[in-house]
Structures are given as C-alpha cells and as structure tokens.
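Next up: a single chain in structure tokens, the form predicted on its own.
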C-alpha cells in the first residue's frame, strides 16, 4: 500500500498525543488486514507507538508477515509496535475476577503499556474466593489507579473500592450464565455500586478502562508539575 491509498480510508490524528496524552489507536474490527497494516506502518513512521485492538488471529498472522516487529497478544487480540513508547511515572493494577475475564484484562494491560505506564496484572481474584482478593489488598493499595474486571454479578469493583484509596475503574465482562445477559447484569451492578466514586466503562471495554486510567494519571502528573 501507499500513503495515497491510506488517504482513501483514513486520516490519522497525529496531534492526539499532544492533546489527549496518548496517540491515536486502531480499532481493528471492521477493517481489513491491509488497512490495519498500513495505518500501523504510518504511525510507526511518525514516531508513535502503534496499537490495534480486536484483531482476529488470521489478520495478525498476515500483518506480521509485513511488519515482523509487531507483537500479537492472542488473548487480548491486540497487535502493537512498541517503538516510540514514552515511559511515564505512575502505576496501574489490573485485577480480574476469573480466568474467563483475562482477555479483557489483557487488553487493558497492553493499552497501558503502550501509553508508557507500568502495569501489574492480578488474575483470578473474584469474590467467590474473597481470601485471594484480601491477600492482594496491600499490593492494590500501592497502585495509583486500579482497574477491576469482572463478569457474573460484577461485585469485584465494589469490594476493591472499599479497600483502596485510589480511583477504581470497573469493567463489566460478558462472562456468566443466561441471566447475566452478556454482561448487562455486571454493568448494572457496577453502575449501582455502593462504593462511592467508582468509574464504569462499557462491557468488555478493557481498552476504554486503560484510556480512562491514562487520562487520570496524566492529569495527576501535570498537576504535580505545576
């Protein structure tokens, strides 16, 4: 592909890093493998890290033949080129209730890493085995932001928010039996959390949770510098 062909379907927002604190990212669903590859190539050429989300494995295999430096995370379905990452101060803990929630948690982790933030993934700490969660309480309290990922009844973020002083971002997942309604039950539970101040993003939106955390951290660091 050529740059002229790119202009037929995409106009890159190369100023987004300055305005928002993170570069433009690529939503891979609905795009062709060639389109994703060319957008990633252009972002990399401009000195930005490149991240594509929701990339099917067969697309990733094709794209990596053209861009061997691209890394694919099959759980998160993310494809990224890490060149150009600017390390930043601050750390995020990403905790998920069960192993089935890991794909969404991994999407958040990869997004945070691309934005330059250190991230600790804490898996399989759902409230059904609450001792596992409580054993991680001190680790969670050391994080500047916590992202809590859960399906089923979506109780994890409320419990976490009762344990830590930092902002908590809740991510409902579509994990659960029929009455979970593909994550709607968890979404409503998180929106109705009795723990004050919990931020809630859309179902299965680990990417959006990571971007929310980045905005919080960027604002915190810029305020500290004043």
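Positions refer to the first chain, counted from 1. This structure is a prediction, so every number in the text was calculated from the model and none was measured.
Heads up, the form predicted in complex with another copy of the chain isn't pictured, but that's what we're talking about next.
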Query raised in the report: Has each of 55, 116 and 118 got a heavy atom lying within 4.5 angstroms of another copy of the chain in the predicted bound form?
Result: no
Query raised in the report: Do residue 60 and another copy of the chain share at least one heavy atom pair within 4.5 Å in the predicted bound form?
Result: no
Requested in this report: Classify residue 106 as contacting or not contacting another copy of the chain in the predicted bound form by the rule of any non-hydrogen atom within 4.5 angstroms, answering yes or no.
Outcome: yes
**Report entry** Contact label in the predicted bound form: residue 47 to another copy of the chain, heavy atom within 4.5 Å
**Finding:** no
Query raised in the report: Hey, in the predicted bound form, is residue 87 touching another copy of the chain, heavy atoms inside 4.5 Å?
Result: no
**Report entry** Any residue of 174 to 200 that, in the predicted bound form, places a heavy atom within 4.5 Å of another copy of the chain
**Finding:** 175, 176, 177, 178, 179, 180, 181, 184, 185, 187, 188, 189, 191, 192, 193, 194, 195, 196, 197, 198, 199, 200
